[in-house]
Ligand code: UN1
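Shown here is one chain on its own, the form predicted alone, set out as structure tokens.
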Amino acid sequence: MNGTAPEQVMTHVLEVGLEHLENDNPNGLPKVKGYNIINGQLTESSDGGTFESTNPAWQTDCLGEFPLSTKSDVHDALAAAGAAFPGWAATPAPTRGQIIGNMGRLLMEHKDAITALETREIGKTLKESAGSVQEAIDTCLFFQSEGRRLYGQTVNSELPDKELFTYRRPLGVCGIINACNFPAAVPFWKMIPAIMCGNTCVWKSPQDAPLLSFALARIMHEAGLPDGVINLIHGKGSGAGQHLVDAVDEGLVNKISFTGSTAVGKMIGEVCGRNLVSASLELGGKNPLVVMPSANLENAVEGAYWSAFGTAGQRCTSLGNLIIHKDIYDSFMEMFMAKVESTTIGDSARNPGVLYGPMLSEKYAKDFLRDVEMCENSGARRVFGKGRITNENKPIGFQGDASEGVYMWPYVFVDVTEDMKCFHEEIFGPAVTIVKADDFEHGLHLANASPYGLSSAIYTNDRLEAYRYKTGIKAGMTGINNSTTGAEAHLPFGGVKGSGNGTRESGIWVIEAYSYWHAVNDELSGKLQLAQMDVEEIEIEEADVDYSSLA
């Protein structure tokens, strides 16, 4: 990658997270000038517009300034991706896989720095950030070998002297839009299989994680990726993101892959649908977790607690409706609330061991408080949660100075019923709605009653219940005696109903989303042969057998 930025920007971009761990003065931390990366060049916004990225755990800590990309910038990136496509598609798949393997090794080399940078930019705990980076590494290592397994088939023809083949072909230019809660894992879920199949990409970074995206794009180029194969643009969803989606109508995009809200996903699906362009939509969830009387309650409480409050509830797979059988409701709730009341919260970089950190940004905090109000207006009873954490209003487990960041109390709502709005609406934050089930059938009904179908879970030691749950639930993913969260690089990730359009990320299944089947008919006979028309009919003849001897 050729650069026009000062050398020190490229030298220190990966180290700013580590310096944060060793510095108690945010004003003394380095501030990076970020750039778009278009055709391998570091570029600014065409109109000079910029925005800043700040640390939600330490709001006076500004990580850097980034281009507020214009329509012209987005179109420049699309043009670069379009120009790079023929050469990259013609690159042998094993060679593409080797470059992807190089990315994985570079991520391993810089894992600590990237982890620290993710924690500084979005406030996740260091342990969770490390998991996100490891997911990106696993994805690279998995798809490195898939470069040697981009299989088609040889198919027997119904005519003589003819061969039939199938091949996977790349789609073209892919628009990539991901949310900021998993800023390392999710873009790699999308772009690694995309480029492995021979596509090129225009990647719109999350507005709240531009520096991490910039660092990751740098690593991709250092791995040997040719200029123009992945182009990075920064900006707002309503700006650069919308320009990228609008380009589908202009015939400049052959694929959109989006992770975010269901409302935005539906809009993107409409644009892609009217242009017959493929869309991968990984959307929201109101993920159910059912607890049955046969379950190990200690294990179930641990799983429900993590599902609800890990990542401050800012996962699409976070627990939404906790459905508890009435016979164990009181016992479960006593154990569950004891854990909730002792929840440790704070800046993981300065307070190791906290369960969760700040909200991703002020916007997410405002949206969360709006959703909490919706729960109360629905008629649910709040048994824990007191709004934004301040030094005058904080739970016993809060660590540090609350005035520095954007922190929220954990919320628990009970007496929730199926007719309430809060039963059906996703709440993106540390809150759980609790529902009582009469029996297994009622629990399964409640688990299927929301408009979403991303993740799900059940805690039971009755194997028949486990079987009936996994066959009866309408969801893309199910945990049995495990939480609603968690993904592995070699399993399909995605949902049904309001949680997605049926496409999947991760594993071999994602290849279907970034390639199309090409059937080839190779005529070797030297003459025209027409299937179904020139096939010789085989006459049915009755066998000459004396069946009387079998009587």
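Counting begins at 1, following the sequence as shown. On a predicted model such as this, the values are computed, not experimentally measured, just so you know.
Omitted from view is the form predicted in complex with ligand UN1, to which the following refers.
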Subject >> Selected contact from 300, 316, 268, 232, since only one has a non-hydrogen atom within 4.5 angstroms of ligand UN1 in the model of the complex >> reply: 316
Original post:
With ligand UN1 left out of view, which of 259, 213, 129, 456 would have a heavy atom within 4.5 Å of it in the model of the complex?
Top reply: 259
Original post:
Of the listed stretches (63-71, 45-53, 512-520, 485-493), which one has a non-hydrogen atom within 4.5 Å of ligand UN1 in the model of the complex?
Top reply: 485-493
Subject >> Heavy atom of each of 116, 347 and 404 within 4.5 Å of ligand UN1 in the model of the complex >> reply: no
Original post:
in the model of the complex, does residue 189 have a heavy atom within 4.5 Å of ligand UN1?
Top reply: yes
**OP:** Answer yes if any heavy atom of residue 203 is within 4.5 Å of a heavy atom of ligand UN1 in the model of the complex; otherwise answer no.
**Re:** no
**OP:** May I ask you to state whether residue 139 is within 4.5 Å of ligand UN1 in the model of the complex, using heavy atom distances?
**Re:** no
Original post:
Would residue 135 sit within 4.5 Å of ligand UN1 in the model of the complex, counting heavy atoms only?
Top reply: yes
**OP:** For the stretch 261-285, return the residues whose heavy atoms include at least one within 4.5 Å of ligand UN1 in the model of the complex, in the order they occur.
**Re:** 282
